[in-house]
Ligand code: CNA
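For reference, the chain that follows is the form predicted alone, supplied as C-alpha cells.
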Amino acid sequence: MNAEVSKLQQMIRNAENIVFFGGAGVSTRSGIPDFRSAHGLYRQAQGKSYEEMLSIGYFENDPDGFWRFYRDVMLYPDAQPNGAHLALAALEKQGKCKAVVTQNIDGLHQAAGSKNVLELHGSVHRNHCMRCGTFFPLDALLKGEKAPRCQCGGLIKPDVVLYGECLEEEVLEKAVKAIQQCDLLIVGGTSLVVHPAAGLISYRSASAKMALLNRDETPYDDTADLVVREDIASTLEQAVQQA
C-alpha cells in the first residue's frame, strides 16, 4: 500500500460523515468508457458532437436519431459494479458513507448495494412516456431502430438530464446539504469541469477534509487535502478494507 492510499485509509478511519462525489471514471473498470479522457467517448465522436447528440434539442428534433445514438453509445446493460462501487456500499453499511452523489447514469452504485444515491444526471433505468407518464424499464427499450413509443402514442424519454436541461432541483438541494454536513468529501473519477455539478464541492465546510481520486489533473487539485492518481477501484478497495 502506497503512502497516498495509507493516508486515505486514515482519513476514512477518522471520519464519521463521508460523502462521495463521483463521475464517469468510477465506472470505467465496469466497461463503461468515460467521456473526456484520452480514451473517452468524446474522442470518438463522428459528425455531430456528443453534446449535440445528447441535447434536448436533438431529442426533440430527431428522436429516432437520438435513440439510435443513445442505444449504440450510452447503454451498457451488462455492466456490473466494480471495486469502487462495492467499497462505497461497504462504507455505507458501516455507517460512515452518508451519501453518494454521482454524475453517472448507469445505476451501478445501487446495484452494488448503496441506498442513498443522489443521481445528478438521472438514470438510464428510468424512462417515461412524455404524454401519459407510463414508466418503462431499460430492458424494454434496448432494441429497435426508431424512438420507442408508448401504447398511447407518446414518445418515451429516458430520465437523464440532457444538454440544455436543468438538473432536478430536489436532487441538487439534497446533494448540497449532504456535502455541507460531511466531514470528509471523497471526489473520484471526475474532471470537475461540468457545471453546475462540479461546483457542488465548493459547499464543503472549512473543517471538512477532501480527498481527490482522479487519473488526470483537475482545477481543484490545489484545494484537496489528498490527491491520488492511482486506479479508483483499487484505491478505494484497499483503503476501505483496512479502515
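Keep in mind that what you see is a predicted model, and the values were worked out from it rather than measured. For every residue, the number given is its place in the sequence shown, counted from 1.
One more form of this protein exists, namely the form predicted together with this ligand; it is left out here, but the text below deals with it.
- Note that among 57-65, 24-32, 178-186, 203-211, the stretch whose heavy atoms approach this ligand to within 4.5 Å in the model of the complex is 24-32.
- Using a 4.5 angstroms threshold between heavy atoms, I18 stays clear of this ligand in the model of the complex.
- Interface membership of R126, defined by any non-hydrogen atom within 4.5 Å of this ligand in the model of the complex, is ruled out.
- Contact annotation: E52 falls outside 4.5 Å of this ligand in the model of the complex, judged by heavy atom distances.
- In the model of the complex, this ligand stays beyond 4.5 Å of every heavy atom belonging to I12.
- For the candidate spot formed by V101, S114 and L236, no residue has a non-hydrogen atom within 4.5 angstroms of this ligand in the model of the complex.
- In this stretch, 129-152, not one residue has a heavy atom within 4.5 Å of this ligand in the model of the complex; the partner itself is omitted from this view.
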